[in-house]
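Only one chain is shown below, in structure tokens, and it's the form predicted on its own.
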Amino acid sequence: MSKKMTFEDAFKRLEEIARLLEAGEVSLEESIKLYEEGMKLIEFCNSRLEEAEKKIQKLSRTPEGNLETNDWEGEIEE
């Protein structure tokens, strides 16, 4: 897998692999190769998402009215 591959490229390829496997028109050997490629792409996408999540910060106001940033915990306040 190319180190220059973007998340979007990997996701697009995953969609293509899913379509090929769901169609059932590829041989068993090709299905295995596609499955293995898909697993690598999933790992790649997950690592990029984890990196992005670490970079996201939440902007909030303190009780005094000042703005502060905090690491995002993955929860959305309502």
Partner chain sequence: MDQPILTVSQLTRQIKELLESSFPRLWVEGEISNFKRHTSGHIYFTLKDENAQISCALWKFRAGRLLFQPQNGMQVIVEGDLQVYERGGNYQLIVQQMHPAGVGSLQMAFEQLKKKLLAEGLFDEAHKKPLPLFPERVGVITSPTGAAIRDIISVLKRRFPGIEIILYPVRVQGEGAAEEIAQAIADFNRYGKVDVLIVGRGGGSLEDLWAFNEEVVARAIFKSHIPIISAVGHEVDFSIADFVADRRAPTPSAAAELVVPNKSEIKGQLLYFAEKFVTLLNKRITNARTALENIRTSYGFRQPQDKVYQYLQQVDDLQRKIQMILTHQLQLKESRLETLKKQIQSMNPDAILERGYSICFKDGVVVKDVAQIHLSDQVQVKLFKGGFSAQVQQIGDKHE
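Residue numbers count along the first chain shown, from 1. A quick note: this is a predicted structure, and the numbers were derived from the prediction, not measured. Here, rigid core means the biggest group of C-alpha atoms that superpose within 1.5 Å across both forms.
There is another form of the same protein, the form predicted in complex with its partner chain; it is not shown, and what comes next is about it.
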Fill in: Heavy atom of P63 within 4.5 Å of its partner chain in the model of the complex
no
Fill in: its partner chain in the model of the complex - contacting residues of 7 to 21, heavy atom within 4.5 Å
F7, E8, F11, L14, E15, I17, A18, L21
Discussion item. Does A23 move appreciably between the shown form and the other one, meaning a CA displacement of 2 Å or more on the superposed rigid core?
Written reply: no
Discussion item. Quick check: E36 between the shown form and the other one - does its CA shift reach 2 Å or more after fitting the rigid core?
Written reply: no
Discussion item. When the rigid core is used for the superposition, does K58 move between the shown form and the other one (threshold: C-alpha shift of 2 Å or more)?
Written reply: yes
